[in-house]
Structure formats: structure tokens, C-alpha cells
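Just one chain follows, in the form predicted on its own, and it is written as C-alpha cells.
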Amino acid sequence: MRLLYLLLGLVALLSSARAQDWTTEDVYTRHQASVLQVRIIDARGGAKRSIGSGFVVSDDGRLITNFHVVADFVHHPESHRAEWQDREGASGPLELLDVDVVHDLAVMQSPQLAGRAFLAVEGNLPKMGERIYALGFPYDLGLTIVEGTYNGLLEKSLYERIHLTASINPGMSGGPAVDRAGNVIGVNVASAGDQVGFLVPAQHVIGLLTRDEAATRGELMERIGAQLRANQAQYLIDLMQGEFASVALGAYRVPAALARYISCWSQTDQDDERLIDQTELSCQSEDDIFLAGDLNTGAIRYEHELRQARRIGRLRFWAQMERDFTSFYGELGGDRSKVTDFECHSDFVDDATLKRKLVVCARRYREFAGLYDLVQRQVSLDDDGRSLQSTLVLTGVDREHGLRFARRFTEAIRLERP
């Protein structure tokens, strides 16, 4: 019986020690060997192409970082190599095992990291206002720790993110953010400045590390393409489940905020000398998926421009509308090595409520079969002195789901009154 009491006392003591909050010094001291700088090296020049951070998560030397940190290595493995370096200057090669491109994560491995202290990953989220510690290598200045506050998951986010009040600076991407017990609850991913940082929730790290064998078969680029196709299919199907939210814009009814992660903004030209009355309504998803360089994908945006002749003749008015309608090609980034040129098809649509000209343009992703950027533009033709121009942009969608959504979007635009 005495032995039982001693054991119970020991368990209580250990539980108390685990529950005790770590200080900033504790976190840094205990985790400094597990947090590393991740370097992508240009093979020809022999110097750094990009840098980020990462952290060891297993006894066999696996390491977690961001996909965007290692993107050059993913796209051009023949001309880049990946390395880790610790705060003492020791370094070694890294092999890429798998990625979760939707959540901006990558898992790598180095035999030289086997047996090194690793961090525990916690899928549960902290309480609002709880102290969080982010670690990484900002601006190539060495290992740094910053304190911040957990502010919950972003409400307006298509891709789940934690809002952290802390300075997440360039170079810290891929580093761990830990709670007061020293467990990883997120991965540094982005910053909006002014102490506004964002983390990938740790549950996605757990998901990446525990994927079944079937999910990791095939070439890496094929797996990335499959992730992107599954992601776009899911959110477009979800958007089309119910009625489109709409608002009145002059005489028309147009799609507005279709989901919680889509924000809309409006403005009206107030210039007393204006020749055309103009009101714009712009809506877009709050985030997207990094692929490479200036190419992002997995986003939706649309805008409506209502214009009416004020102090201008109708011929000049429609000449201006025609110039504006044909000048938009979608500033979507990406060079010719990543995407093809846009190909367009135009038609005239005359339904029960509205006559309009419709143009649909698409460009293909060269590395990911079956994925396209789609731009759909339409202009109303129901009135000589009034024009509604609507533009829909979908990035990284397949033909089936993209065109189905575009058709539904077009049908949601209607004339309510003459």
C-alpha cells in the first residue's frame, strides 16, 4: 500500500511538472537543438537561393517546414539541393519525402538528424489569449524566439490558419510555434506585419506525417496535382450546394459574399466632374495556395462594375465600355514555363431576364495535368446608356467544376427592373 501511495505521488509530481508553464528561456533552451535553418542551394552558383526554418519531429530525422520554403527544390531538383544548418553551424543534406501543398507543408529527412532531440506535435488548440512562442531564423540572423498571443482560427479563411499576435519575419517560415507546455501547436507560415502572424495548425502536420502508403505513391508532382484537384473540387462543390447570396446593384441582382471566407468591398465614384456614374463591387477569397515564384492558385475572385452615361453621349459611352471589356486579361502571375497563354471563346447569351456578351478564357498549368486558370467576363446589352460588367476569376480548377461554377455564376446575374 505504501508503494502504491509513493507511485501515485510520483505521478502527481510528474503531472504537476508537465502542467507548469514554460518561460521563454525554457522554450529556447529545450528546443534550440530541434529547430534548424532550411537552405535551398543553387547548385551551379553554390550559394543560398532561399532560406527558411524547420523543426525535427521524429527520432529517424524527419523535419517539417513550409512548402514555399522548398518550392524551388520541388520544381527544379536538378539545379537545387536542400540542406539544414543548426545554430552551432553544423549542417547536412535534406531529402524531400512528401508535401501538403494546400496547407503549405513539407516533410524532409536527413540521416544526420536521426537521434537528435525532436518536438512533440499537439493537435489540440490553445485557449484564446494563451501565450505562444514562435521560433525560427529571421533574415538569416540566427535562431530567434518571439512571444505572442493565440487569437484563434481565422474566421475568413479558405485554408485554415491560426492568428498569432507576434512578429513572424522572413526566414522564420516553417519554424514551430509552441504552447506554454512546449508542444508544437502550429507552423509559422506568413505575416501581415504590425504583429499579425499566421500559423498552419499542427493537426495538418499530424495528417501529413500519418498519411497511408497509398497517398504517397507516384511522382511528387502527380501527388501535388492530385491534392490541388481534390481541393478545388471540394470548395466549388460546397459553394454550389445552396442558393447564391446576392445583392442589388442598380437595376441588377448580382452574386455577393458566397461564403464566410469571401470578403466584399464596394465603392462609388464621387467626382463631381465625372462623365460616367460608376459603382464597383469586388469580392475575393482571403487566401490562396503558393505554387512557385509569382504563381499562386486555389483562389476565387469576382467583381461587378455598374456604369451609366452621365455627361457623355451613348456612342462614346459604349466605345469606352468596349475598350474596358477587351483590355482585361487577368494579372494572375506565372511565366510561360508554368502556364500556357490564355485561349478565349466568346458568345452572346439572351435569357429570360438579360441579354449579354460572354467571354470565357482559360490557360493550362504545364506541370499539373487537368488544372486551369479560368477568367469569365460578361457585359449586359439590355440598355444603351447602362452597362453591368462582371468578371469571375478562378485559379487552379479543372474544366468540369470550373465551367459548372461559371455557368451558375452567370445564371445568378439578372435584371430585376428595366
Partner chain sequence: MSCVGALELIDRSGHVQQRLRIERLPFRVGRALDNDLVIDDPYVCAHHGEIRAHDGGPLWVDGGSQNGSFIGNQHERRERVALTSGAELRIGHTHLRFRSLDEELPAALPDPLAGSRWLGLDRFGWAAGAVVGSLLAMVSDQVLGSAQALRVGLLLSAVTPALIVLALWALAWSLVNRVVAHRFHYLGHLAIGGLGVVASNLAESIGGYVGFAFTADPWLPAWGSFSGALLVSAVIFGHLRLISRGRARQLLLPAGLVGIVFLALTLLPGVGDPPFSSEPNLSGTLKPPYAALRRGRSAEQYYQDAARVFERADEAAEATAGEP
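Just so it is clear, the structure is predicted and the values come from calculations on it, not from any experiment. Residue numbers count along the first chain shown, from 1.
Heads up, the form predicted together with the partner chain isn't pictured, but that's what we're talking about next.
- The closest heavy atom approach of Ala245 to the partner chain in the predicted bound form falls outside 4.5 Å.
- Proximity of Leu143 to the partner chain in the predicted bound form: non-hydrogen atoms within 4.5 Å are absent; the residue sits far from the partner.
- Proximity of Arg310 to the partner chain in the predicted bound form falls outside the 4.5 Å heavy atom cutoff.
- The partner chain in the predicted bound form is approached by Leu374, whose closest heavy atom lies within 4.5 angstroms of it.
- Checking 49-57, 66-74, 345-353, 31-39 against the partner chain in the predicted bound form, the stretch whose residues place heavy atoms within 4.5 Å of it is 345-353.
- Every residue in the set Leu315, Asp341 and Ala406 has a non-hydrogen atom no more than 4.5 Å from the partner chain in the predicted bound form.
- Of the residues Phe325, Tyr235, Phe198, Phe118, just one reaches the partner chain in the predicted bound form with a heavy atom at 4.5 Å or closer; this is Phe325.
- Along 346-372, these residues reach a heavy atom to within 4.5 Å of the partner chain in the predicted bound form: Ser346, Asp347, Phe348, Val349, Asp350, Lys355, Lys357, Leu358, Val359, Val360, Cys361, Ala362, Arg363, Arg364, Arg366, Tyr372.
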